[in-house]
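The chain below stands alone, shown as structure tokens; this is the form predicted alone.
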Amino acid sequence: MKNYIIKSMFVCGAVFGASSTFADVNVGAIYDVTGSFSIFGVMQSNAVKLAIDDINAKGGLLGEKLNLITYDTQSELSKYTQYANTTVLRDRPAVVFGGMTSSSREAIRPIFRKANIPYFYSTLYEGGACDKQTFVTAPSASQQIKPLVEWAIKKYGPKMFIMAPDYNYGTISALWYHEYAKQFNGEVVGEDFLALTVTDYTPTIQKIQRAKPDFVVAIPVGPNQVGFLEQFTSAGLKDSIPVVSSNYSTANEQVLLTPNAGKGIVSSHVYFSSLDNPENKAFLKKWAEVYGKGQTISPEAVTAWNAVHLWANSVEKAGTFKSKSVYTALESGEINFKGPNGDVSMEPGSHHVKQNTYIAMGDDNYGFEVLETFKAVAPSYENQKCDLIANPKLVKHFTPKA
């Protein structure tokens, strides 16, 4: 095995620190390590590094050491396209991991498609991304929203109010909530879409009071989630109107809430740190050894960890780093990984993974109690036809009917 030096460098603003010579196998990572979305990006970036180091510590991949090159977009969308082009032209990576918001994913997806480089996206999203070069290890709408809506309607009643951010993640996710409400005989009695800059949720809270829902679906992003839940609790409504969410805990928002505001919030996700299995215990131990004890690990960290290992397994199966052969392996139906959240497997046609979904309730100590487990939930997109085996040239972002 060649004795390459492992490099991990952060590129902020202008590109700097570039070396004229890299190892044969470069791996790219593009995340929001600083800025307003760093609450997501730091965990994801750390998880990718941890996974790469884990693979290298076990002898590398196909006898080669992996060289991680990390870019910090500073939570600016323009830097995603800038760094995606930079890594393609300069680093020539074998694979790229990255993206947080749906807009960041859609900004860089065409760049990696044109360069024919496997791209892994590991942030929960509204579902529907479909092209040959893109692989999604995060949960899609059908994996999170469908089980949550079914559970909440049975538990609380049929009437729901949707509160969401006013961009494609929020608006398309809301369409899915409408879709699944119909499936389970529910009713959307009101909704409100807010800009990411909103900090006063009094008008939204008043709309909720007038609508008189059985429960509220709250899917604002990051700090907005914290602000809404604190104000909703202060208004004295949380005890009478339950709150459920398909993105709460994504960035460990619960650790920023007062205990009373976090207690009782129901979340659906593919990972909670309280999961009791050998893989999760080993993962938490490894994380603590590198990044320190006492951290609450986000679901996005685990889906990023899984992404690296699924890609590595596909390279092992292919026996090469060449993209065409790696795609064939990923589409074989035989790429699996036992992650901290359970068994994860890549579905050939959709390029999304089958994985468990957990319904959990927040406690008053920043943790979650798992209430129900949905095993091996498939990313089955209703009203969608993403089959990249039958149609490998398909490039589309499917959405539910308006």
Partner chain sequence: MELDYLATILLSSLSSASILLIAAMGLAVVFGLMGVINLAHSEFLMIGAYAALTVTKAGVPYILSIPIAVMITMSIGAIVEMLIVRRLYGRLFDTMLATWGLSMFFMQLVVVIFGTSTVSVATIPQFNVSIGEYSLDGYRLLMILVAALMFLFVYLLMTKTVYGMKARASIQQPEMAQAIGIDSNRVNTLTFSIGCGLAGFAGAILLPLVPATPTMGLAFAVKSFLAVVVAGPVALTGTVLTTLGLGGGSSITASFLSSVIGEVFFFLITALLLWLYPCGISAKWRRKL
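It should be emphasised that the depicted structure is a prediction, and the values quoted were computed from it without experimental measurement. Numbering follows the first chain given and starts at 1.
What comes next is about the form predicted in complex with the partner chain, which does not appear here.
Although the partner chain is omitted here, in the predicted complex all of Thr34, Thr202 and Gln209 have a heavy atom within 4.5 Å of it. Among residues of the shown chain, Leu256 is one whose heavy atoms approach the partner chain to within 4.5 Å in the predicted complex. Of the heavy atoms in Ser234, some are within 4.5 Å of the partner chain in the predicted complex.
Looking at Pro158, you'd find every heavy atom of it more than 4.5 angstroms from the partner chain in the predicted complex. Put simply, Asp192 is close to the partner chain in the predicted complex: some heavy atom of it is within 4.5 Å. For the options Glu316, Glu106, Glu187, Asp166, the one in contact with the partner chain in the predicted complex, meaning a heavy atom within 4.5 Å, is Asp166. With the partner omitted from this view, the residue of Gly227, Pro118, Pro242, Gly170 that lies near the partner chain in the predicted complex is Gly227 [heavy atom within 4.5 Å]. Remark: of stretches 128-136, 269-277, 150-158, 256-264, the one touching the partner chain in the predicted complex is 256-264 (heavy atom within 4.5 Å). In the predicted complex, the partner chain lies beyond 4.5 angstroms of every heavy atom of every residue of 116-145.
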